[in-house]
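The form predicted alone is given below as one chain in structure tokens.
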């Protein structure tokens, strides 16, 4: 501990004397492919991760609300969401690994530094994820999910999920703020630092969570279509009303978060986002596709057609992708005084990159084929259960 404090004092003195920020050097091996390819793969996999995360967050919050309010038809919809949570969580974790690896390749020295400064909160992510995953499976398999103890477990799992997102936002915002590192290290060399003084912290947290209501709304829209096709008209319409309300709530919260972030940004960064050509294009494209998705949700009300929820899902994916890219544009601008991707050498390893691409495509095709085999059977099983209960 004394050695760490002494090193912090030496580095702080060097910084104050004009030696500059103690920025770690990039990986001497350089990038295995041009950074634009790494960025493209990062955007794609991070979009998939955010979709799975949004589905999980929105589903658990709506599930808890339905369980507490207990209105007509809510019990079966709550069960639908409860059964969905283990699957969406598995995708959240699986799709979260590739973008985490890509950010370590592209911005490794910044991301490792911020992770060390967070310390305990960052390590806590692993047991929290294990706990919430186990809790979601338990509430799906338990015989009496309405028991107060099971409900409390679901609340704790939801809090763990939100905490994981909060720690991630802390890490990402701290990784683009190297000017804070020395002060935080001197304050707590063993970690346990959160980036609480960042004016955009809670707005960023809300920005990644808010679409959860919209994505979960689309999932409920799918169930509404099933109910209408099976002749359960009132229940299907009830599901569609909840789907529309959830989608609208998610869009409103997303707009609030976006305005909040822009107002809290430094003037130069806000000017870059609102005036730079690429940033404006990405922001406009994301907003336009999100609006299209919301319109499709409205049009799909009370209609027994898979087309509307499928097209809405695609629209929200196409809305999220440019916003993920915009997120990286903002990071690049924030790091510009300290780091640039162009300054890192590229030592191409095209063979390894090709193998990665082949396995990525094969994995996605396998998942698609698996869903086409399993989902019809699950739907048939659920229909048989509804007939028996009727």
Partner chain sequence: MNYPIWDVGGLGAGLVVAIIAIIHVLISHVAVGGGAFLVVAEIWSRRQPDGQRVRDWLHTFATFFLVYTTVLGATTGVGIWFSVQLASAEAISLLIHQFVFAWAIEWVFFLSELTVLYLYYYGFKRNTPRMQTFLAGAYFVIAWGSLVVINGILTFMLTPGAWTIENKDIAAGFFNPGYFPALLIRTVTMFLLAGLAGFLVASRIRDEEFKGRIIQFCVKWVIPGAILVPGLGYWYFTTLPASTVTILAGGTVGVVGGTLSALTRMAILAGVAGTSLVLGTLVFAAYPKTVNTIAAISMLLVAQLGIMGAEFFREMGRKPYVIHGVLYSNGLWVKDAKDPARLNGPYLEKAKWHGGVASGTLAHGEQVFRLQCASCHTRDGYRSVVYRTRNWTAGFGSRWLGTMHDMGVMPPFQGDALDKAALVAYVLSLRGETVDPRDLLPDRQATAQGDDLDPDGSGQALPGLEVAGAEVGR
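Numbering follows the first chain given and starts at 1. Fair warning: this is a prediction, and the values are worked out from it, not measured in the lab.
Separately, the form predicted together with its partner chain exists; it is not shown, and the next lines address it.
J.: Looking at 81 to 89, 195 to 203, 211 to 219, 305 to 313, which one sits within 4.5 Å of its partner chain in the predicted complex if you count heavy atoms only?
T.: Looking at the other structure, the answer is 81 to 89.
J.: Tell me, which of 264, 273, 125, 248 has a heavy atom within 4.5 angstroms of its partner chain in the predicted complex?
T.: Result of the distance check: 125.
J.: Counting any non-hydrogen atom inside 4.5 Å, which residue from 111, 317, 230, 73 sits next to its partner chain in the predicted complex?
T.: After the contact test, the surviving option is 111.
J.: In the predicted complex, does each of 35, 294 and 332 have a heavy atom within 4.5 Å of its partner chain?
T.: Checked in the predicted complex: no contact with its partner chain for any of the three.
J.: Verify the contact flag for residue 356: yes if a non-hydrogen atom of it lies within 4.5 Å of a non-hydrogen atom of its partner chain in the predicted complex, no if not.
T.: Yes.
J.: Can you tell me if residue 162 lies within 4.5 angstroms of its partner chain in the predicted complex, counting non-hydrogen atoms only?
T.: Close contact is absent here: in the predicted complex, residue 162 is far from its partner chain, nothing within 4.5 Å, heavy atoms only.
J.: Indicate whether its partner chain has at least one heavy atom within 4.5 Å of a heavy atom of residue 140 in the predicted complex.
T.: Judged by the heavy-atom cut-off of 4.5 Å, residue 140 is in contact with its partner chain in the predicted complex.
J.: Check residue 182 for me: does it contact its partner chain in the predicted complex (non-hydrogen atoms, 4.5 angstroms)?
T.: Yes, residue 182 sits close enough to its partner chain in the predicted complex that at least one of its heavy atoms falls within 4.5 Å.
J.: Under the 4.5 Å heavy atom criterion, name the residues of 84 to 107 that approach its partner chain in the predicted complex, in sequence order.
T.: Contacts from 84 to 107: 86, 87, 90, 91, 93, 94, 95, 97, 98, 100, 101, 102, 104, 105.
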